[in-house]
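The data below hold one chain only, encoded as structure tokens and taken in the form predicted alone.
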């Protein structure tokens, strides 16, 4: 038996870092996806293959003893095998269109697609259960995973995320994003630690930034619902200022943002910062100009549609 599932990547439009300190966040799915195919095999092994390599472990191997970036997928496989008393093995193949480690939700999309694919070998789980299984899997590698990325990947669209709860944002959106990759390798855990250090040293300022971010997110949500791209772009620029204050930007990212701002409606970091990607808000009037401005400076970039379908199992 074989099962295949796909899940989209994401961008954080508003709220990165602040979301773990009580503010809301706005996320949207993008049209870059991960596809995972799983099948039951006779050998008592869990095999994971991807462009990044492969691993094969005995299905009885304790998850605590596995030291691999593929640990979340082995965790999902073991959970499903235990729940449904499966005593053979599972082979898992991962194919991704999403660049890894750049803040576009690659790891979360992989977990969601893997949870959808592997669980479908045994039963059809609800998206809520898929999300929880994916979060538990992610936490085997990223202990402080908030669950926001897995939620948007599973459900798709544009959502307001608030400490585990989410609400779809209805909008007849007519805008796109240009995404540019700084190619700076960064560690999410190190950037989060840096933000926590800033918070401890500047508690009053950080608290005020959280309040400002909350107000900004409310304004941004209204802009999305009203399809007001000019207002939304201004909100993105303001959010970038807050991210710079907490120390997650750098000279290269700010240079990229300045280039994108020449022709787009607004631009900012997406994800943890310290590296990774920036996003620029565009529509048909300025998408090509924004793309060409960044390409002219030799930045790796592409356009993406937003608010696409979430998890799809077939």
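Here the structure is a predicted model, which means the values were calculated and not measured. Numbering follows the first chain given and starts at 1.
Missing here is the form predicted in complex with a small molecule; even so, the following discussion is about that form.
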(Q) At 4.5 Å between heavy atoms, only one of the stretches 196 to 204, 165 to 173, 72 to 80, 139 to 147 reaches the small molecule in the predicted complex; which one is it? (A) 139 to 147
Q) Among 240, 181, 91, 188, which has any heavy atom within 4.5 Å of the small molecule in the predicted complex? A) 188
Q) Among 125, 229, 192, 98, which has at least one heavy atom within 4.5 Å of the small molecule in the predicted complex? A) 192
Q) Should residue 13 be classed as touching the small molecule in the predicted complex when contacts are defined as heavy atoms within 4.5 Å? A) no
**Q.** residue 276 within 4.5 Å of the small molecule in the predicted complex, heavy atoms
**A.** no
Q. Does residue 19 reach the small molecule in the predicted complex if we count a contact as any heavy atom within 4.5 Å?
A. yes
Q: Classify residue 259 as contacting or not contacting the small molecule in the predicted complex by the rule of any non-hydrogen atom within 4.5 angstroms, answering yes or no.
A: no
